[in-house]
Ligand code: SPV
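In the form predicted on its own, a lone chain appears below as structure tokens.
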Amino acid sequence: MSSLPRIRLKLEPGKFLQIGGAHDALSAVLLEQAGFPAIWVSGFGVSASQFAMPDVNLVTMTESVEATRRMAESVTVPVIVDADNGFGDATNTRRAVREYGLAGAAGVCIEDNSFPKRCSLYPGAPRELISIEEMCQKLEAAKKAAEPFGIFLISRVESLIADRGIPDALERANAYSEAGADAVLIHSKRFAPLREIAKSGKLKKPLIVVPTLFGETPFEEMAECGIAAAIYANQMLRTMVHACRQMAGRMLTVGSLSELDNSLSTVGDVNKLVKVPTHWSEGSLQQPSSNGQSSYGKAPHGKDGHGPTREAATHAS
């Protein structure tokens, strides 16, 4: 069992949860500081930022678990991981969910794309979905692995991305709910079919959406439709790419580094984000201790300078 205190993820009727997508531990910290009550470990983001590779199952389960662990250790809000298609069959899925639990994940999302998956944001990529029966087997295995950790299990339905229509999406969503999913994430290119599904009253579990492809839809409208949560899946990654590309282009053109200062966070700001002890970042250079051991995290007079300890709590959206 993970030694990390776990904050349970919970969706409540009538409340709309906004979930921030992170691609690394620092982006997760920034999202928590901004006020997001939960963090999404973006498979798209991890693939792009940590490996510069497309989101097509090239990141291994172990690599995804380690990315999740780093984020879960860096924040105190619930962390939900995009576990793609479970990295294989039901047996692989069971093992993956257990590993995510040990890494501190509060939620795990499994999708019904075939292996290797193609990211939903690749419109020209070949797209096949596994059968409902096979996906239900994965979810039943995932649920057994999730229970000891209290993991919130999300089933992701790709019917609308694969142009199979609303009836197929509803059939899959409800079958997955019966197989053990606590919520369903139905991905879509447009909001209209999601509005119809949400208002139909036919879903057996709460609905989560990813508005990347219909960013013009107001969040208020989503909430009014009864949608439980929206995931800001890749905005942090895209912001990083936009800002870093501009900075990379400027750095070779300036006469001194000070010309870049207005576009940068201070070193002190970064120090605070990563919890450098205050007496290190604000005081004079510290001399090595007499026994040669690091004094990282030890503030003067024995006070801990490494930030607050994490406490277990229940998160209600």
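As the structure is a computational prediction, the values presented were derived from the model and not from experiment. Start at 1 and count along the sequence shown; that's the residue number.
Another form, the form predicted in complex with the ligand, is not on view; read the next lines as being about it.
Heavy atoms within 4.5 Å of the ligand in the predicted complex map, among the stretches 58-66, 273-281, 41-49, 248-256, onto 41-49 alone. Relative to the ligand in the predicted complex, residues D112, A169 and L203 are all farther than 4.5 Å at every heavy atom.
Only one of the listed residues (C119, L129, V75, A198) places a non-hydrogen atom within 4.5 angstroms of the ligand in the predicted complex, and that residue is C119. Only one of V108, M222, A233, M135 comes within 4.5 Å of the ligand in the predicted complex through a heavy atom, and that residue is A233.
Contact between V210 and the ligand in the predicted complex is found at the 4.5 Å heavy atom cutoff. Residues are counted as partner-facing when one of their heavy atoms sits within 4.5 Å of the ligand in the predicted complex; in 81-118 only D82 qualifies.
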